[in-house]
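Read the single chain below, which is given as structure tokens and is the form predicted on its own.
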Amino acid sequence: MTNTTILILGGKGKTGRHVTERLQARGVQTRLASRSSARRFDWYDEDTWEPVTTGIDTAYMAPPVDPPGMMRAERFIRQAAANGLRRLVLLSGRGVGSPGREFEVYEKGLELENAVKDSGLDWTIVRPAWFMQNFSEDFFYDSVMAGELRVSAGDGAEPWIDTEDIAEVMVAALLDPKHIGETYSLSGPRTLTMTEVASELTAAIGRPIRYVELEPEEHVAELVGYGAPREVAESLRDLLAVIRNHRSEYLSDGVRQVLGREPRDFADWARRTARTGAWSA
């Protein structure tokens, strides 16, 4: 238990809202920071940074996933530390540090991690695999609803993880000082290709879902054609490179390290999510 107010940067996102719910259930005060929060926060408006960190010594940060946004997050960390922040739990990713032009977003992620480590803050870094919730929210939701996962992931596999597991790890890291200075990699209990994901979704939803493999530039063109900004489409293409290049076909034991249990399975998550009506037409 802590008497401090914890700042949640990305409090309405796939992980942030679950972190917030769990903290509030424990009686921990939180301060949500987003473009629509009471204290407005925008990564691209530095005038909004200081007000959200004033009086805060602990924060959870889900940074932008594009390289320019990550560079802004580095500046934010330095400013927040100067403004009194003392403890930071960072949402990173398992592909961080992957070299090469195709992996620029992951190289920037490593630079952000290093900025956290060099900030003088007490830090914990959490590197999860791709979220299961990307199929029920955000990136791949429209594809699921259309019955086709049109994605440039090749035949690579990923150990998809439930954001509920991530949130439980984050809360433990925020509240227990034994996690200071630790980096945890998180994954689900097994790897799945997009073809296997489509099969699991078909079984859970009760209608056919198939995987249509796209070339990376074809994927970008389709996303832009649907109205996505080119930089967002290119960031998604680059994030998928780790799967496409078979660099994510391994399991991580961070959930077990922190929580003492196995992570949730994709099939169980898909059935549970289908029962909520998330994919109802």
Ligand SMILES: NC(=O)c1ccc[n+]([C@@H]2O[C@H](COP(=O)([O-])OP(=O)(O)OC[C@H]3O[C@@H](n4cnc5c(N)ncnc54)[C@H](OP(=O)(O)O)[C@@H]3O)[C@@H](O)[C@H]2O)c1
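Note that residue numbering follows the sequence shown and begins at 1. All figures in this text were calculated on a predicted structure; none of them were measured in a lab.
Missing here is the form predicted in complex with this ligand; even so, the following discussion is about that form.
Undergrad: Should the three residues G13, D42 and P63 be counted as contacting this ligand in the predicted bound form, with contact defined as a heavy atom within 4.5 Å for each?
TA: Judged in the predicted bound form, G13, D42 and P63 all sit within 4.5 Å of this ligand.
Undergrad: Please determine, with the chain shown alone, which of 75-83, 115-123, 129-137, 189-197 has non-hydrogen atoms within 4.5 Å of this ligand in the predicted bound form.
TA: Of the options, only 129-137 has residues within 4.5 Å of the partner.
Undergrad: Consider T58 of the chain shown here, and say whether it contacts this ligand in the predicted bound form, taking contact as heavy atoms within 4.5 Å.
TA: Output for T58 is no: heavy atoms all beyond 4.5 Å of this ligand.
Undergrad: My question is simply whether G93 lines the interface with this ligand in the predicted bound form - judged by any non-hydrogen atom within 4.5 Å.
TA: So G93 counts as contacting this ligand.
Undergrad: Answer yes if any heavy atom of R26 is within 4.5 Å of a heavy atom of this ligand in the predicted bound form; otherwise answer no.
TA: R26: no, not in contact with this ligand in the predicted bound form.
Undergrad: Determine whether any heavy atom of T30 comes within 4.5 Å of a heavy atom of this ligand in the predicted bound form, and answer yes or no.
TA: Answer no; every heavy atom of T30 is more than 4.5 Å from this ligand in the predicted bound form.
Undergrad: Only one of R230, H246, R35, R256 comes within 4.5 Å of this ligand in the predicted bound form by heavy atoms, so just point that one out.
TA: Looking at the other structure, the residue within range turns out to be R35.
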